[in-house]
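Shown below, as structure tokens, is a lone chain in the form predicted alone; questions about how it binds or moves come after it.
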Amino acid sequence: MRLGVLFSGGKDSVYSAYVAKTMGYELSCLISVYSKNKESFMFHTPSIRKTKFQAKVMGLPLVIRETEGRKEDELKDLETAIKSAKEKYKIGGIVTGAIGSVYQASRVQKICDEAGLECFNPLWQKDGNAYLAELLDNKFEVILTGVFAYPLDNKWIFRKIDKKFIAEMDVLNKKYKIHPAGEGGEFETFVINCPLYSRSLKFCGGKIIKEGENAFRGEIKLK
């Protein structure tokens, strides 16, 4: 089956695409929704416009749709993007990086049902610690591009997910109930390199922006 990937550039969407490909699915395109609402209920926003760099090294076309990010209305923009991908790239399904958000998964499922597409969620209900370990085992290089929960602060921005990170997240999970993989919105990520890429993206630093008492966003620079 030819699949379109609902793509944010973060670890979940990239890893779900990787899992789908290893299972024999054909990845035909990436679908990114650029939301103007930094607190979007549906879409990852830090560094979302950098997905064009990832699409290039993945050798896949990128379908882009802009949205104001108003709750529920943004779903119409997602629906438009998915239908456009179906028509242009003849996809039979959508792969998502949903892990535990019923709000997100149910809405994508509804759009797929109405469009006559399969909805594939390969990471659904995956254990957070096991998932992070899988990322490392499969040579994923991932950095944080946003943190949005105490006690995470600006020192976490641009950190790589590595064994030390996993150990620290395990402690924070036990003490503060932070999800190890950030599924509660505690942090956002960007994939610098993985087996789907023809080459690693070159991370050239970036700017850290404070957006609240416990909210920091990183604007990355790439080559």
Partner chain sequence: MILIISLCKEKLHDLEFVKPIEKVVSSLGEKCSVKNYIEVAKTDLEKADKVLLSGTSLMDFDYFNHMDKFSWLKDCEKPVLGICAGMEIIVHEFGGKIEGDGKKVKDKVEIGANSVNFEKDFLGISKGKHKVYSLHQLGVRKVGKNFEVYAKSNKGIQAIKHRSKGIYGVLFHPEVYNHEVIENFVKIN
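Not measured: the values here are computed from a predicted model. Residue numbers count along the first chain shown, from 1.
The same protein also exists as the form predicted in complex with its partner chain; that form is not shown, yet it is the one meant from here on.
The candidate site formed by 133, 139 and 205 is entirely out of contact with its partner chain in the model of the complex, as no residue has a non-hydrogen atom within 4.5 angstroms of it. Just one of 153, 87, 113, 73 comes within 4.5 Å of its partner chain in the model of the complex, counting any heavy atom, and that one is 113. Contact with its partner chain, judged by heavy atoms within 4.5 Å in the model of the complex, is confined among 211-219, 197-205, 6-14, 19-27 to 19-27.
The closest heavy atom approach of residue 148 to its partner chain in the model of the complex falls outside 4.5 Å. Not displayed here, its partner chain is kept clear of residue 129 by more than 4.5 Å at the level of heavy atoms in the model of the complex. Among residues of the shown chain, residue 117 is one whose heavy atoms approach its partner chain to within 4.5 Å in the model of the complex. Among residues of the shown chain, residue 106 is one whose heavy atoms approach its partner chain to within 4.5 Å in the model of the complex. Using a 4.5 Å cut-off on any heavy atom, the residues of 120-138 that reach its partner chain in the model of the complex are, in sequence order, 120, 121, 122, 124, 125, 126, 127.
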